[in-house]
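Have a look below at one chain only, the form predicted on its own, in structure tokens format.
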């Protein structure tokens, strides 16, 4: 009798149980539940951390399993945030404009409302006209489709061009980083229609839910982030556990031999690159309403490098390792840069962690690479019995 997927992969069940337990505990302790032992801001931090764990899993699959060191996956994360942010800004501004014009002597025409919305959104960059990129911003359904379709199409086209040319290794990493840099520079321009360096703000105000407190909204988004992480973990565990997983790991280890065996390597790599880009974008769409703002700096190449660092610290080639790495680094970053970590007075110099956090992160990455090449997740190997040991 063939065993079920969960029976073959018990770590998936343990992860889901741990995630469910964590979600229940945070819910009980949150302000929304009445206990107020955990602040709303920290619930938002945890929700954002879960989103970062999801994009880290996507990065682990494309790098740790398939061997493609993509330095552009955080760009897909940002595109997902922009896609949902456009609807949030449009719908919220529309409510404000309609409320301000409802007492006018003559009822406003649809064109007047649209012009007023454009002035409110783009006045900061000296414009009032809606760019073509905002054509569907009035529709939540279409923007949700854009969250998946736009980064998916970009990844599909980019991957097809790169993989069919058999670009591999460091050259492919440079190409993905160049794509990310080009996108960030494009978004920085005011005439792109995305408000340039100002970005999209006020995303934490959800249209139609003005009567709902931020404590409750933050908990809802926390639940959505936990659910997305659970689904994403199961999806990628299913992909990497079966025959497909064996093929992509073989591509990572010896691409030429896999091609010699008759597999169409480019199709496998393109599938992995595209599906991970879509999941990264979904994570971004959940992250930025909790963050409240998105700007082109979020898509800068350094963000994708940080993503690779998280996966390396957690342990690439193991999904739970990516989750551990993203969670640990994200929460430590919030603690050190949020002014909660006490400064260290050396007498002749005061170490302020706001300035020295990135140095600490870099040293941690070097130490893990040298002494724990399998990352934090590799420590779990010590708990498993070795061959010949008693089970």
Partner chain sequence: MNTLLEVSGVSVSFDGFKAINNLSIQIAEPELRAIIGPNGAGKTTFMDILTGKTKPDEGRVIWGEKSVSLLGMSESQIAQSGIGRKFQKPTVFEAQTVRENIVMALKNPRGPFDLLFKRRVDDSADRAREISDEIGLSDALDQTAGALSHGQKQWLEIGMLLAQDPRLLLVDEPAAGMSPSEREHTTDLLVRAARTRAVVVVEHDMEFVRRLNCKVTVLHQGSVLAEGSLDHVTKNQDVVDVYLGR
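Positions refer to the first chain, counted from 1. Just so it is clear, the model here is predicted, and its values are computed rather than measured.
FYI, the form predicted together with the partner chain isn't displayed, but the following is about it.
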For this session: Taking 4.5 Å between heavy atoms as the contact cutoff, choose which of 254, 100, 139, 213 touches the partner chain in the predicted complex.
Result: 254
Seminar exercise, completed: Interface check vs the partner chain in the predicted complex: of 303, 239, 156, 148, the one with a heavy atom inside 4.5 Å is 239
For this session: Mark residue 223 yes when one of its heavy atoms lies within 4.5 Å of a heavy atom of the partner chain in the predicted complex, and no otherwise.
Result: no
For this session: Could you confirm whether residue 278 comes within 4.5 Å of the partner chain in the predicted complex, counting heavy atoms only?
Result: no
Exercise. Is there any non-hydrogen atom of residue 262 lying within 4.5 Å of the partner chain in the predicted complex?
Worked result: yes
Exercise. Does residue 92 make contact with the partner chain in the predicted complex, using a 4.5 Å heavy atom cut-off?
Worked result: no
Problem set entry | Interface segment, criterion being heavy atoms within 4.5 Å of the partner chain in the predicted complex, picked from 283 to 291, 118 to 126, 200 to 208, 245 to 253 | 245 to 253
Problem set entry | Members of 18 to 36 lying within 4.5 angstroms of the partner chain, judged by heavy atom, in the predicted complex | none
